[in-house]
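Given as structure tokens, the chain that follows is alone and in the form predicted alone.
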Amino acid sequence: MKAILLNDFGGPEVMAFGETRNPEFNSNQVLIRVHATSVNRPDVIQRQGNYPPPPGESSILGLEAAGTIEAVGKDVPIWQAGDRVTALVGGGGYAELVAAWPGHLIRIPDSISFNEAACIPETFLTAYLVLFLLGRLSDGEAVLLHGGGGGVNTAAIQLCRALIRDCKIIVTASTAKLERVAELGADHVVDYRTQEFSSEVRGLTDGQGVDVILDHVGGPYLAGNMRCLAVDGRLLQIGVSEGAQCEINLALLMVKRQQIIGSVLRSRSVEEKADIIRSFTERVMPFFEKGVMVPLISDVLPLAHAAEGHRIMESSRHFGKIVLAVNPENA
């Protein structure tokens, strides 16, 4: 099969479009003919040599894939060859074929294209997991989302709008993306380049702070996050793009009864991921079927141009997801 292969670890130039053997799949898995996949921040980190795949997973980049089931293991119920699915995978998405666990599949509604479906598993599931299952975001609460133009946060804005009543959504974004973030559904947008976000957030919440924060920046933002986190507030840490080391004010943490919760989706067990996907399918997929929620696509590139997709992501030029069309005729 054709796939994106790594010649080494480093910049986008280490990625090459070539041939490799088809993936093996066992009697409890399915084989998917991939029509589209997408670029995620963990792909970039893995390419740099800092995020190896979990044991047993493909070393090929790619954490999600949309396509049709090519073959079904003999012990797999329900799913059949030809079914249109999008899948969360531990690796291997940047290829023409990928193996997946049946519990990690989501049936694609007829109204959604393969390109759109390829945007759902990694980012929407991450946002759903951290905000609602771990962060317990509830009606009437306020949430702060850092980095409003990325895939996770464009998904998070839509999820908050669809699932929560009277939710105040505050988003930090760069100057160039402020207007688009507001159009997507944010109540307030803070320009992190020119404004100190914690002061802005406290002003927007009458000094109370927000109940939930979703952050991928890490160390440099911790103090500010704690300053604008409300009493009993929950900070969900899903990345450390600007650094993992920092000091923490434990007195503030205790007095305000704050919680800091870390989460990584990729390393969770097969069973854990299946439980998350089952909940997501029941609660969220109806919004996609009705057209209330739509995956936001920034760019569509051929799989062979995956390196350009990584350059776009690293430069933060994208707004939404960067899709790689593996089979453009069917995407």
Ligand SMILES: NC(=O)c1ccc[n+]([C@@H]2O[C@H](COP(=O)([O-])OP(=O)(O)OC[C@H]3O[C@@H](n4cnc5c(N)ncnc54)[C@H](OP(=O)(O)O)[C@@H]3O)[C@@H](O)[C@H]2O)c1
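A residue's number is simply how far along the shown sequence it sits, counting from 1. Just so we're clear, the structure is a prediction, and the values are computed from it rather than from any experiment.
Not on display, but discussed next: the form predicted together with the named molecule.
So which stretch, 103-111, 142-150, 225-233, 198-206, is the one near the named molecule in the predicted complex (non-hydrogen atoms, 4.5 Å)?
Answer to the contact question: 142-150.
Although the named molecule is absent from this view, report whether Gly135 comes within 4.5 Å of it in the predicted complex, heavy atoms only.
Heavy-atom contact with the named molecule at 4.5 Å: absent for Gly135.
Is Gly239 close enough to the named molecule in the predicted complex to count, meaning some heavy atom within 4.5 Å?
So Gly239 counts as contacting the named molecule.
So, Arg47 and the named molecule: in the predicted complex, are they within 4.5 Å at any heavy atom pair?
Flag for Arg47 set to no.
Taking the named molecule as it sits in the predicted complex, is Leu303 near enough to touch it, meaning that at least one heavy atom pair lies within 4.5 angstroms?
Because no heavy atom of Leu303 falls inside 4.5 Å of the named molecule in the predicted complex, the answer is no.
Which pick from Val217, Cys167, Val189, Leu159 sits with a heavy atom within 4.5 Å of the named molecule in the predicted complex?
If I apply the 4.5 Å criterion carefully, the residue I get is Val217.
Suppose contact means any heavy atom within 4.5 Å; which members of 155-192 contact the named molecule in the predicted complex?
Read in sequence order, the residues that approach the named molecule (within 4.5 Å, in the predicted complex) are Thr172, Ala173, Ser174, Lys177, Tyr192.
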